[in-house]
Ligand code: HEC
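Next up: a single chain in structure tokens, the form predicted on its own.
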Amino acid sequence: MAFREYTIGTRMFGLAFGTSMFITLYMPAMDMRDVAVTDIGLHRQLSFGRVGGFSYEDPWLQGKAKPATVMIDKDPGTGSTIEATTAYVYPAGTPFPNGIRHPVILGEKPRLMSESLGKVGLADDTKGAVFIVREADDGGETIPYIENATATRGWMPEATMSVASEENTLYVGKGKIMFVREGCWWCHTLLPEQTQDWQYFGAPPMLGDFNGENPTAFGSDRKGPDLTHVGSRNSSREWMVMHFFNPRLVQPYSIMPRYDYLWGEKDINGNVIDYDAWREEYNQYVANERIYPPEVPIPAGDSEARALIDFVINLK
């Protein structure tokens, strides 16, 4: 009896906490499930993969088990020329996004078309698959849906990657992991407000743009510009490489930290990167002891820097 008050208080706290979580998480999820996914939402979730943050398959946030986004103009099955198509390649063992695993979240019409026309129910993550985003007319309304190209066209992951050139391959899913892990969302938002932001950063996204994305990276503070449409404002990969290696190369008074360590040990040509020598030359440049800044090494194809830049350029 001596601790009865504590027992009652603990139970009341548990009930209040559980109720608040139910209202905060479960009820909005039911509302969002009734919202039809947009074309943007399908592209986002297919490029990010199952989870765009901490997950059991990638506990150390290294960008493992993520799909590749490729632009192809040849049919991976027949080799014939096709219209330029963006495909999302999931090698065997790569977890599918929520729109594939739980199509109900796509909204009624996109779900029905994804299942009937797109054959997403036949996708098997143990074997891998290739997905594309298609559109269909429904009484004058354009409905986006997911097509499992492995089932409908015979496109296999390895064959699809073989017809995609390196410059037309983006590791967006891995890049989002870098964006979250490195705390980019502490200073940048991915959600323009309905104010003057529209004039500077573009219109804010719609609710259906986030169906299937887990988690979102809206951010809660803004010390740098909003990045929702940054790929449309600046698509220069050369600028991005310089900016992430040392932001002061392109913005002399930038407060953004360097991310040169994401380059790893070697550049795209396999040459060892001498960071000490580079910084010494950069300091000479700042001190007006040399005319030009040192050349920034191009990140290797499998580097974390490459993936982060892919993610940012893909934000359109």
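The first residue of the sequence shown is number 1, and the count goes up from there. As the structure is a prediction and not an experimental result, all values here were calculated from the model.
This next part talks about the form predicted in complex with ligand HEC, which is not shown.
Contact with ligand HEC in the model of the complex, judged as any non-hydrogen atom within 4.5 angstroms, is confined among 166 to 174, 122 to 130, 99 to 107, 180 to 188 to 180 to 188. For Phe245, no non-hydrogen atom is located within 4.5 Å of ligand HEC in the model of the complex, even though that partner is not displayed.
Leu227 belongs to the set of residues with a heavy atom inside 4.5 Å of ligand HEC in the model of the complex. Contact check for Pro257: a heavy atom falls within 4.5 Å of ligand HEC in the model of the complex. Ala307 falls outside the set of residues with a heavy atom inside 4.5 Å of ligand HEC in the model of the complex. Only one of Met161, Ala217, Met240, Leu112 lies close to ligand HEC in the model of the complex, with a heavy atom inside 4.5 Å, and it is Met240.
The contact with ligand HEC in the model of the complex, taken as any heavy atom within 4.5 Å, belongs to Gln251 out of Asn271, Gln251, Asn283, Gln62. Annotation: in the model of the complex, residues Val35, His43 and Arg134 none come within 4.5 Å of ligand HEC through any heavy atom.
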